[in-house]
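A single chain, nothing else alongside it, follows as structure tokens in the form predicted alone.
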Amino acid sequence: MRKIMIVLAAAFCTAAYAGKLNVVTTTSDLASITEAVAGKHAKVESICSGNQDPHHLQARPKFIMMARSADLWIRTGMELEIGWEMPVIDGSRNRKIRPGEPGHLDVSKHIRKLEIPQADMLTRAMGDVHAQGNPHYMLDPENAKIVATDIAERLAQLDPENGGTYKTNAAAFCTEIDRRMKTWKTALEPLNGKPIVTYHKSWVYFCNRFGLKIAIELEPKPGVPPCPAHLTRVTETVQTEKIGIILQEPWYSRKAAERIAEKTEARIVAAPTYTGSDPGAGDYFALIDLIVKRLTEK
């Protein structure tokens, strides 16, 4: 009976997604935006869940199986997925989602990239620095609008019959971003120009958009865990600049932040950077809502 139920469930799923595009995104925020744009015309799955750090994901058979049936692969790009993306795509043997094919979309193409290092100065001594710039651009809602538009265009290319729907949905997504931006900016206005501490360089685009100043990171270099000497430097910076917020991602240990907070008046703000990592961050809009709420609550 159990085998029969499994077969019936598989048949139901096949029927439910018949005629739909199979889209695989590398991160959950891209999945959220793709779902908003595609609506009922695509099945969307994310390789990386919201509570996983995409820098350190490992290629797994499950991911290869997801990629094998994909019509479209959407990545953040800028080397965020460099450690596991191609092993997954190669393992899937799905030629249509290889880079350069219509089934492969790098949504960083039209993003104004920040923190691009000079090629002649780029060395491993700098830590995990990305040669194409900081890849955490999705935390700027204005960039989410660019991404939604690019996704709609590619979906329309692969599925011309529903092209109008994709573009209409993307326009609606962008309109909703514009509507919410007024609320987000108003809420964050008291922090405009104020220095904060962050753990990793995940928050550069968010802070650049909303006017927060990153005075120093808890990581001495990107991807390098905090050390005592650097934490002393951070503590001095917090005290000198009277910094009130230490902002960090949920997957990093709070020990370094707690050490700083014990010696200063700064409070720790743990906020998600991807949808699905918190019950209150179910979609992209809710993600930004939650970050703003965490930063502004007392």
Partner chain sequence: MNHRYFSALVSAGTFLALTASAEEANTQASNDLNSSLRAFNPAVSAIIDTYLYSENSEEGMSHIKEEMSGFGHSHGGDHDHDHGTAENGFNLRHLELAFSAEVDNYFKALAIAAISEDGAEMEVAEIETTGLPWGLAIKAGKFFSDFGYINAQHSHQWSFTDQPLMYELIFGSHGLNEKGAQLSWLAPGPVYLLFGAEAFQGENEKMFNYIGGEHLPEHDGPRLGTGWMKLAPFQFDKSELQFGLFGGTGVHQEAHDGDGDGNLDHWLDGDSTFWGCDVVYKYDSNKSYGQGDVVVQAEYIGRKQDLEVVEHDLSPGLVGKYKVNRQDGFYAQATYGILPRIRAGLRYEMVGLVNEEKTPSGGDFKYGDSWRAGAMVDWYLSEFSMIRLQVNNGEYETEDTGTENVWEGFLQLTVSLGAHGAHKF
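Residue numbers count along the first chain shown, from 1. Fair warning: this is a prediction, and the values are worked out from it, not measured in the lab.
Beyond what is shown, the protein has a form predicted in complex with the partner chain; the following relates to that form.
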At 4.5 Å between heavy atoms, is residue 131 in contact with the partner chain in the predicted complex?
yes
Decide whether residue 179 counts as a contact residue for the partner chain in the predicted complex under a heavy atom distance cut-off of 4.5 Å.
no
May I ask you to check whether residue 224 falls inside a 4.5 Å heavy atom distance of the partner chain in the predicted complex?
yes
Even though the partner isn't displayed, in the predicted complex is residue 64 close enough to the partner chain, meaning a heavy atom within 4.5 Å?
yes
Looking at 56 to 64, 230 to 238, 30 to 38, 268 to 276, which lies within 4.5 angstroms of the partner chain in the predicted complex, counting heavy atoms?
56 to 64
Considering 79, 159, 71, 106, which brings a non-hydrogen atom within 4.5 Å of the partner chain in the predicted complex?
79
Heavy atom within 4.5 Å of the partner chain in the predicted complex: which residues of 248 to 279 qualify?
251, 252, 253
